[in-house]
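Coming up is one lone chain in structure tokens, specifically the form predicted on its own.
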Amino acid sequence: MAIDAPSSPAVQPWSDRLRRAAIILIAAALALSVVVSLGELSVVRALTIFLCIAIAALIPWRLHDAAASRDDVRRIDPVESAAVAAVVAGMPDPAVLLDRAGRVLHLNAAAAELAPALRRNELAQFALRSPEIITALREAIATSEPRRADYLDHVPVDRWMELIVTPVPVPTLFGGTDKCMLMTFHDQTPLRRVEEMRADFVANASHELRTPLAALSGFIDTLQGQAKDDPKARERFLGIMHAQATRMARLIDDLLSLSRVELSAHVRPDTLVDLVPIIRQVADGLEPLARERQVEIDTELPEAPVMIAGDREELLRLFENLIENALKYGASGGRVIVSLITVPGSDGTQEIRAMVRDFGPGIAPEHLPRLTERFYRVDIGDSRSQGGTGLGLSLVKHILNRHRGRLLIESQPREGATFTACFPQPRIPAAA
């Protein structure tokens, strides 16, 4: 059982201090009355002495009460209150609240992770050494106006950050207002990367389109000039022009397909389709290309239907890209195997895997992580000579993303490559 310790005089309630003062005054009044009744002291002097005793008894209580009031006010400083600390701590982005001198009053966990050198009651300039941050903070303190700055943070990895310094009026101890500085940090790295990807995509697309257009324009000028009356040259140039026009049409078609898939990426297909006839249709359609490249297509497909929730046209495009790539870049192996299996998934459900394997030269390991990037090619010259646009695997990846699937790429140099499209098995009601 806990026993409460006696309270010290400094924290005793007002009633105890008043009771002590009253006891002292009563005792003094009785003593002075006795002295006056004995004729040892006049009434006037007795009253004067009593007044002095009363003042001496009451003044320490008033001084103590004033000191306690000042301590209470100091303890409830509006800026230092727990409510302000909770607001700063609850902000999702890194946030730091500073006083006008630039000292840290409050910071949340995200800010502590962003700048571990930040400490409460210390100047923020010592922890945030970026010139852009210091300049924005000084201008905000001097002008009491919001300031914004972008800077590149190199630790622990390169990140583009946006800093916003906002002056915040806060109440003071004596009823006025003062300006604190609220610093919030926003990670702009994803937006920067998207912008860089968009700029790279536009540059690459314009370059890819410019090449066949320049070839077409050059051959047209030649046919209108020197080769106008040369049947052999005209026949050869027309063949090249047809190949370039076909390549440009494929590129535009892939760009449009990629845009359509990206626009509907958030909508998952809900129509049940059978993968077996789709793969057979694509393999039969590519049979002329296989004969031209002297490659045999072996299909290892089950007899029973293999149903997934998907878009038939997009799935046709997906398998067309995968099998056509195997025929073009793995032709030296002489054989392409297309198989379809069902395996247990990592979450206990079944996963459907369509595998396209070639026995060509394979792909070096350093190229595997970037194969699905737009316009990325292992060998630019070989890809263009094969009529590739550099968008095939990127389109495959986006189609699989829309179908909530994934693409696996396995390859070793001189051992061929295997591209696996993985689909989640749909939940089919028992009645169906």
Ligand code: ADP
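This one's a predicted model, so the numbers in the text were calculated from it and none came from an experiment. Residue positions are given as counts along the sequence shown, with the first one as 1.
Unshown form predicted together with adenosine-5'-diphosphate; subsequent notes refer to it.
Asks: I need to confirm a contact call. Of 400, 49, 378, 35, which residue comes within 4.5 Å of adenosine-5'-diphosphate in the model of the complex, counting heavy atoms only?
Replies: It is 378 that has a heavy atom within 4.5 Å of the partner.
Asks: Going by heavy atoms within 4.5 Å, which of 181-189, 324-332, 108-116, 209-217 lines up against adenosine-5'-diphosphate in the model of the complex?
Replies: The contacting stretch here is 324-332.
Asks: Going by a heavy atom distance of 4.5 Å, is residue 423 a contact of adenosine-5'-diphosphate in the model of the complex?
Replies: The answer is no: residue 423 has no heavy atom within 4.5 Å of adenosine-5'-diphosphate.
Asks: Given that adenosine-5'-diphosphate is not shown alongside this chain, does residue 392 nevertheless sit within 4.5 Å of it in the model of the complex, heavy atom to heavy atom?
Replies: Yes, residue 392 sits close enough to adenosine-5'-diphosphate in the model of the complex that at least one of its heavy atoms falls within 4.5 Å.
Asks: Find out whether any non-hydrogen atom of residue 41 is located within 4.5 angstroms of adenosine-5'-diphosphate in the model of the complex, and reply yes or no.
Replies: No, no contact at 4.5 Å.
Asks: If we define contact as a non-hydrogen atom of the residue within 4.5 angstroms of the partner, is residue 269 a contact of adenosine-5'-diphosphate in the model of the complex?
Replies: No.
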